[in-house]
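Have a look below at one chain only, the form predicted alone, in structure tokens format.
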Amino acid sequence: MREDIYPTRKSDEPRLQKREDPTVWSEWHADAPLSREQTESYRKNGFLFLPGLFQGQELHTLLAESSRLRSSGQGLEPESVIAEKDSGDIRSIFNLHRQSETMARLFSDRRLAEVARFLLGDDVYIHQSRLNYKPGFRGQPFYWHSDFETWHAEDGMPRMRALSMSLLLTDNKGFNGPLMVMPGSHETFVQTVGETPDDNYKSSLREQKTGIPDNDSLTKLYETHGIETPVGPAGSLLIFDCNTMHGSSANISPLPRSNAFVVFNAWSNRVQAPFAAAKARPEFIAARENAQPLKAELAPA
């Protein structure tokens, strides 16, 4: 029987558990893609914000592709397009790196892929990618959660050796539903309660109810770590650990919020059978059969 060192959805009571894995898996060196200060900040806080990493024509190309994907939907796998449950607005488009050459080039860009390799200390592959969108006035929230809790329970990711990168495609202000993080929360795993329903992804991608932390656990994390909101101009990059507690509120401002989101997992940490679900989520949400080590490329055209 395989060992499950991060049990969740298996008890009637939530529990806070100390992290068993490193956050940074490589020793810093002079040729590292991040500075020593950036590396230590990521290790301590569980996230790193890089303002204005993409600018000019690069950013224009990504914005145009984002608009094309949302407006036409031509050639997209129907199941990969997730609509808001009430308005019908596009909430997310999954499997982005397999449905858009422009986004595939972005995610293999050295400024992303080499950082992921360094922080995870291994070859990496794309576990998941998606375009998130919150239109002005009616963009819905993403409730507090640790991504790893879901990836472990429903995808079978064994250890905390993965990270997310979110490239801002629109300006993120304090008022248009930006991502909020609890710095340092990545050191604590929140075991949640409630069994995973069959085909949970069909509802959870619109509104997650299973696998979310309880109020007492969130309050304890907040009292220990507080909340920060990394905001900045389009083209900025937010990197955060797989277990960093994060969420975002609704967007009731006139300004839309959009980001291109990618999950890098260590090749040695490839997913297995789910730890707390009857069957694994589909390939468009969590790469399994089509996973392969990523080759870093030059910047997108």
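Start at 1 with the first residue shown and count on from there. A quick note: this is a predicted structure, and the numbers were derived from the prediction, not measured.
Keep in mind the form predicted together with another copy of the chain is missing from the figure; the text below concerns it.
At a distance of at most 4.5 angstroms from another copy of the chain in the predicted complex, all three residues M180, Y222 and S248 contribute at least one non-hydrogen atom. Note that among 265-273, 23-31, 250-258, 231-239, the stretch whose heavy atoms approach another copy of the chain to within 4.5 Å in the predicted complex is 250-258. With the partner omitted here, the residue from M165, I93, I212, I126 that has a non-hydrogen atom within 4.5 angstroms of another copy of the chain in the predicted complex is I212. I227 is the sole member of L76, V193, I82, I227 with a non-hydrogen atom lying within 4.5 angstroms of another copy of the chain in the predicted complex. Contact check for L120: no non-hydrogen atom falls within 4.5 Å of another copy of the chain in the predicted complex. Though the partner is left out of this view, F189 does not reach within 4.5 Å of another copy of the chain in the predicted complex, counting heavy atoms only. Although the partner is absent here, W144 is a contact residue: one of its heavy atoms lies within 4.5 angstroms of another copy of the chain in the predicted complex. A residue is said to contact a partner when one of its heavy atoms sits within 4.5 Å of a partner heavy atom; K202 fails this definition for another copy of the chain in the predicted complex, lying far away.
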